[in-house]
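Just one chain is shown here, as structure tokens, and it is the form predicted on its own.
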Amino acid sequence: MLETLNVWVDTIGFLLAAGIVIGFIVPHFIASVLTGRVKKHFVDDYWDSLAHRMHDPKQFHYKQPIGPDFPQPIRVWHWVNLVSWMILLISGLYIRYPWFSGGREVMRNAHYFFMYLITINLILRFAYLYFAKNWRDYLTFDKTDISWGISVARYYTFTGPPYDHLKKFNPLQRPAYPAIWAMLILQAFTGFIIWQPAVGGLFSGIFGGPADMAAWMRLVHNINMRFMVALVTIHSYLGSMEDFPVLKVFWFWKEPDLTKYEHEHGDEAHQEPKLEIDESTGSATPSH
């Protein structure tokens, strides 16, 4: 049964990956070229200088450095995650589909090392989330998110104008982070059981013993990996396509050139907008 399930998981996983690339990324990229979004973000290096600071009035004025929007712990966490995740993916795929001989021991050791590293990194992320008290950025929703989410969906499907930036993360982007955290936890748990089946203890009896439990956890590990690849691929693509100037700040500490914005908006660019803050949700909207 497990052998059959693994074949189905591999087949569906391949079709899912191909579907994301062929059915979403390629058409979206072509549409982005035709509508001028690629030129706007990658050639003109255009940054909507107000968009990503709507959630923090102190950073709203475009003349201030962008850096405080991206705390150093979050940047470091992303870098560690990026490197660890890529090595875990490559080493994990090799362990499952060894495409050259003699590399299993190296790949297994690399997989175990970065398994520990990314797990520790996740624990530190939760600690920072607690002490920074910014969990609302990721976990709170209100009725305004319904209409806002529709606006976001219309923008990404090229059927509507750019959406308003009312909070740090939009309603479609916000669930991605908790989802990734949950997937990392599941991957760490199943990976540890695969490595040390004996720790399953009495629970292994449900599966028929430690070896059988490890085999089932390997299946769950594989399924979770497929969903994680799909989510991270879409998240990375949209982040790069729509926010390339922002990513240069986030990943490489490169402040954007906002003189184009100043030239486009004239004296209005020098005025710091006044915001109305909704204390219950943390939303910030310009006052008129």
Partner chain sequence: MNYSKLDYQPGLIQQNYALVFILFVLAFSLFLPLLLPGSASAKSKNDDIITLPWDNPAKKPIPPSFILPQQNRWGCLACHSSKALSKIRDGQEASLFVDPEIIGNSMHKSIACIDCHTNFTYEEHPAESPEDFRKVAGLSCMKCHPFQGYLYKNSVHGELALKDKQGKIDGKKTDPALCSSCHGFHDIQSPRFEPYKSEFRSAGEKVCGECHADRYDSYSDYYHGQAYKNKAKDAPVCWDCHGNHSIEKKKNKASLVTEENLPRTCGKCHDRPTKNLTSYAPLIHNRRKALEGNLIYRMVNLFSSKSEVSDKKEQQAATGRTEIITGSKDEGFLSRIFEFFFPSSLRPVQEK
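Residue numbers count along the first chain shown, from 1. In this text the structure is predicted, and so the values were computed from the model without any measurement.
Beyond the structure shown, there is the form predicted in complex with the partner chain, which is absent from this document and is the topic of what follows.
Heavy atoms within 4.5 Å of the partner chain in the predicted complex: does Asp164 have any? Because no heavy atom of Asp164 falls inside 4.5 Å of the partner chain in the predicted complex, the answer is no.
Flag Ser32 as yes or no: does it have a non-hydrogen atom within 4.5 angstroms of any non-hydrogen atom of the partner chain in the predicted complex? Result no; Ser32 lies far from the partner chain in the predicted complex.
4.5 angstroms heavy atom contact with the partner chain in the predicted complex for Tyr94: Flag for Tyr94 set to yes.
In the predicted complex, is there a heavy atom of the partner chain that lies within 4.5 Å of any heavy atom of Asn222, even though the partner is absent here? Asn222: contacts the partner chain in the predicted complex.
Would all three of Leu129, Arg136 and Leu247 be in contact with the partner chain in the predicted complex, where contact means some heavy atom lies within 4.5 Å? The answer is no; none of Leu129, Arg136 and Leu247 reaches the partner chain.
By the heavy atom within 4.5 Å rule, which residue out of Pro175, Gly160, Pro71, Pro210 makes contact with the partner chain in the predicted complex? The residue in contact is Pro210.
Please tell me which of Phe203, Tyr116, Phe100, Trp79 lies within 4.5 Å of the partner chain in the predicted complex, judged by heavy atoms. Result of the distance check: Phe100.
The chain here is shown without the partner chain. Which stretch in 71-79, 140-148, 211-219, 177-185 comes within 4.5 angstroms of it in the predicted complex, by heavy atom distance? So the stretch in question is 211-219.
Pull the contact list for 1-39: residues with a heavy atom within 4.5 Å of the partner chain in the predicted complex, in sequence order. Contacts from 1-39: Met1, Leu2, Glu3, Asn6, Val7, Trp8, Asp10, Thr11, Ile12, Phe14, Leu15.
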